[in-house]
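Here we start with a single chain on its own, the form predicted alone, put down as structure tokens.
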């Protein structure tokens, strides 16, 4: 899918819903599971609050704050309005005629959402008009995802080189973020912690690594507005036979989930396939809340569709969807274990973007 084909699909949805225009807003705060309709519609990743007005006929106007960042937003066919305040910038673009749909209000700060609601009081919620249409990634987004995956895998190799007893988690996290940026990433959302028996994955803190620790890490670099994620587990020292066997079980569950991800099946089936492997080994209790709710998720920053890899997600999988499959599982014998891959849906099924899928890593002492 090209970017232009996506816009055509969004306008088709607008026509079917009787919308003359949509007004999409984003506050400029980018997070891995926070959708950004402005990025979807324009390809522009903002520094501050921004908004876009898309008319059914195709005319599109982008309001950019801070005003000095407007030149960076220039795109063919896109009218850019620099503004000191995003809602004030929108006020001059809306004439009150026709039917307006709003996108992004639920994720916007209260001050922006309230003022935009007052500006367009009769606007209809239209998030699905934009985000569902963007569930399939464009060719450019897929290319960016592949590059982000390359950066993530190189980051993991860097972690294996520098993780040693005595090094703090914070030192590792700083190095990983710097290293990913040196490779071209805009940023890298890193969750990483270590201990002899982890209850979950968490942000790093000042704890120093010790022999026998288990490092669990999620690396989530962004490249040109497209995120991917890999989940990995490392033993500082030599893993026990029990640990190796349990990790192999979780990896097998992941691969069964990848195998189950086929065009035309609901996302819930992917979660079910993962759970079945673990339930068969007596871990059914740990496959459901409060221990775990999902086995992966969509990847932003734009649309986070097709959503969570969860039993309650009936979204039908289609080619060019991109999402994360990670069984990430607590087992009483080992603690929390991480393995996970970004996968791209194709006509033949889900294909990991990683060159090397998760295997247990050991740091020899």
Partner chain sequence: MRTMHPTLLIGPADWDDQQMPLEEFKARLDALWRDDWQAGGAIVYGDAADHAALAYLTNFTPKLEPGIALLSRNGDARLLVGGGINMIPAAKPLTWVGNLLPLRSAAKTAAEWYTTLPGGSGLMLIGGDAMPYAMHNEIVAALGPDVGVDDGTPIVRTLMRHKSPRELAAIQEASLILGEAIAALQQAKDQGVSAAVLAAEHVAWHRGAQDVRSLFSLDGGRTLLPFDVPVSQAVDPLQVYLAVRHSGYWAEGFAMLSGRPHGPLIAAEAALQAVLAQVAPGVTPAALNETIATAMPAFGPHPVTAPSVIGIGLALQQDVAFDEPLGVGEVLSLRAGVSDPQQGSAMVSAMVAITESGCDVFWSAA
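Nothing here was measured: the structure is a model prediction, and the numbers come from that model. Residue numbers count along the first chain shown, from 1.
What comes next is about the form predicted together with the partner chain, which does not appear here.
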- Query: Does at least one non-hydrogen atom of residue 286 fall within 4.5 angstroms of the partner chain in the model of the complex?
  - Reply: no
- Task: Check whether residue 188 has any heavy atom within 4.5 Å of a heavy atom of the partner chain in the model of the complex, and answer yes or no.
- Result: yes
- Message: Under a 4.5 Å heavy atom criterion, is residue 29 part of the interface with the partner chain in the model of the complex?
- Response: yes
- So in the model of the complex, does residue 298 come within 4.5 Å of the partner chain, heavy atom to heavy atom? no
- Query: in the model of the complex, which of 169-177, 275-283, 124-132, 257-265 comes within 4.5 Å of the partner chain (heavy atoms)?
  - Reply: 169-177
- Query: Using a 4.5 Å heavy atom cut-off, are 248, 302 and 348 all in contact with the partner chain in the model of the complex?
  - Reply: no
- Please pick, from 90, 108, 253, 214, the one residue with any non-hydrogen atom lying within 4.5 angstroms of the partner chain in the model of the complex. 108
- Here the chain is shown alone; which of 79, 293, 197, 164 has a heavy atom within 4.5 Å of the partner chain in the model of the complex? 293
- Task: Taking the partner chain as it sits in the model of the complex, which residues of 58-91 have a non-hydrogen atom within 4.5 Å of it? Please list them.
- Result: 66, 68, 69, 71, 72
